[in-house]
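Here's a solo chain for you in structure tokens, the form predicted on its own.
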Amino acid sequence: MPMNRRNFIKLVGVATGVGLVGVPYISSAAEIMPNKGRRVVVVGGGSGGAIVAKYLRMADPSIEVVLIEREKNYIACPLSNLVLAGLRTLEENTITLGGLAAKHGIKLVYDDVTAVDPVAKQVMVSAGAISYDRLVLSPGVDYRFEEIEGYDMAKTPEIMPHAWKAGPQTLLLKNQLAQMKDGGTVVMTIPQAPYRCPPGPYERISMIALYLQRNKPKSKIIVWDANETIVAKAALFKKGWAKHYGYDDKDSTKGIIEYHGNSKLAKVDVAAMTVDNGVEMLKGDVINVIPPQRASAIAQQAGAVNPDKRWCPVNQITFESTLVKDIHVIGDACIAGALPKSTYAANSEAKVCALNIARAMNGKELIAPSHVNVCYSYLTDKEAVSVSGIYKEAEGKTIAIPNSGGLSPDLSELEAVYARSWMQNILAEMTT
């Protein structure tokens, strides 16, 4: 449904002053940063937001770009699973965005976005409103906690961490593993796809198994996966688990890793430290619950989320929302055809979005996009695997180009070297 003023008022519940997601309705709020020319506001300073802000300024320096990010020290998610095995620190994943302001003239605002008014074309932060000509949302994901019986969104993650955003949750899970007795059981649950970083849970399984093997050899990790089988790089993960952790695909109870597909989490009991899939109850000493996911709440409040309240449909050439004019959505929150929800995909989407926003604002013909994606996953401290793809737009949809990309041929120490180099380059591009 197109977003007009009537629909916007319905969405945010102006009669009560509180929106459907608990955000106050603000109309014509005080402008804290007067717009004197053409302005694009970007919400979210991660792998999508930082890059779209940078490349907008590179494409047309006459466009003012305002980047709003909550954290002054941003912690990137890729390779954060390695922290659990003691192979990496969160400090290595931490960046600041000051270099973007210094080199590219981007105006940085460190604040929470409380609401978006797509009619007045304003973004509300705690200090007031920032107007825009176009808005780019790169807000990441939120969690569908309500689908898990017994899950309290405030309390449960402090006992059963999800660690699906790098930071304190990562360290909490790491500390729980360190405090667990040898012979203990780690339980991990994986949600139904799509979710952020398709191979991420399976890399985490590998890193937890590595930690247990080295530090608590009598322990094991039991995995309940809501998907029928491993979502990405299945054969390579299973080969790596068999090689290093004693995994047997015909008898998954053997070895350090016990994996079960078609096991969707239904209920948690924090007091009893159990999970339940409706058929079986399982007790764990450490429980890592990765909840099902959806686009961040601010995307929903802006009216950019589809009717099932999960993801944001976008024009595949410009990444403009198909629901709300002049709002673009990139990264994990959007529906980007064959592109996965990954850091490199967000980077690629950001560059396409920036170029075509600049061209549209200058009355120029849009350019049909092409994209590239690669995802690395560690199996041990020395071996990794990867999957890559090349994509194009065809009849309004993003599709994978046949016979392009693919899986790494085998487990490889060289892939692990590539992964660290890739991460270094990704972070450097976000900060300079």
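Treat the numbers as computed from the prediction; the structure is a model and nothing was measured. The numbering used is simple: start at 1 and walk along the sequence shown.
Keep in mind that the form predicted in complex with a small molecule is not shown, yet the notes after this line are about it.
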item	value
Candidate from S348, Q300, S80, N356 lying within 4.5 Å of the small molecule in the predicted bound form - any heavy atom	S80
Candidate stretches 305 to 313, 72 to 80, 208 to 216, 280 to 288 - the one whose heavy atoms come within 4.5 Å of the small molecule in the predicted bound form	72 to 80
Proximity of Y344 to the small molecule in the predicted bound form, heavy atoms at 4.5 Å	yes
K174: touches the small molecule in the predicted bound form, heavy atom cutoff 4.5 angstroms	no
Contact of Y391 with the small molecule in the predicted bound form (heavy atom, 4.5 Å)	no
Any non-hydrogen atom of C375 within 4.5 angstroms of the small molecule in the predicted bound form	yes
